[in-house]
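First, one chain by itself: the form predicted on its own, in structure tokens.
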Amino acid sequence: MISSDVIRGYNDTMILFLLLHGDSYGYEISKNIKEMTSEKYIMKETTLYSAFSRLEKNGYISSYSGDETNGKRRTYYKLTNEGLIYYKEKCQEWQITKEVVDKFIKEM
């Protein structure tokens, strides 16, 4: 399992990636992250919802109420145009970060 400290700066990027493929809600996004990483990274609920709040505040996603399940309405999240631009910037940043860190990671 990967430490949340290592990946913290890219939680937003993972969420935005999943929203590239369509609107979604918290549990589904969390489940997809867990599955896509083969359970090597599990995003905690508090981390997920604070990311939603930050992303929405910055205009990268918007939210709306969706279908009712078990008596409660789901909140769905949607990628905005600003979010797509931010996602692309974070992808470029990752390439540079990876290039720099790879200089110091060697098989022994």
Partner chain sequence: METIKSYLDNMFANMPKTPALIKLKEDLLSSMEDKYNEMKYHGKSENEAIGIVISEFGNIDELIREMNIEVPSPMQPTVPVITKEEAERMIHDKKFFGNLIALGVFLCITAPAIFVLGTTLTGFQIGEDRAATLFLFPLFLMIAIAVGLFIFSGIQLEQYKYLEKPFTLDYSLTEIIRKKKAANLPYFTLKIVAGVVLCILSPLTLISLTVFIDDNDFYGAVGVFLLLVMVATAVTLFINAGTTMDCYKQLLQEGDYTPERKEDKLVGAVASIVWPLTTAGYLLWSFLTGDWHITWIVWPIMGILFGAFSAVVSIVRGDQN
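Numbering follows the first chain given and starts at 1. Here the structure is a predicted model, which is why all the values come from computation and not from measurement.
Same protein, other form: the form predicted in complex with its partner chain, not shown, and the subject of what follows.
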Contact of Ser38 with its partner chain in the predicted complex (heavy atom, 4.5 Å): no
Thr47 within 4.5 Å of its partner chain in the predicted complex, heavy atoms: yes
Its partner chain contact at Lys57 in the predicted complex, heavy atom, 4.5 Å: yes
Heavy atom of Tyr25 within 4.5 Å of its partner chain in the predicted complex: yes
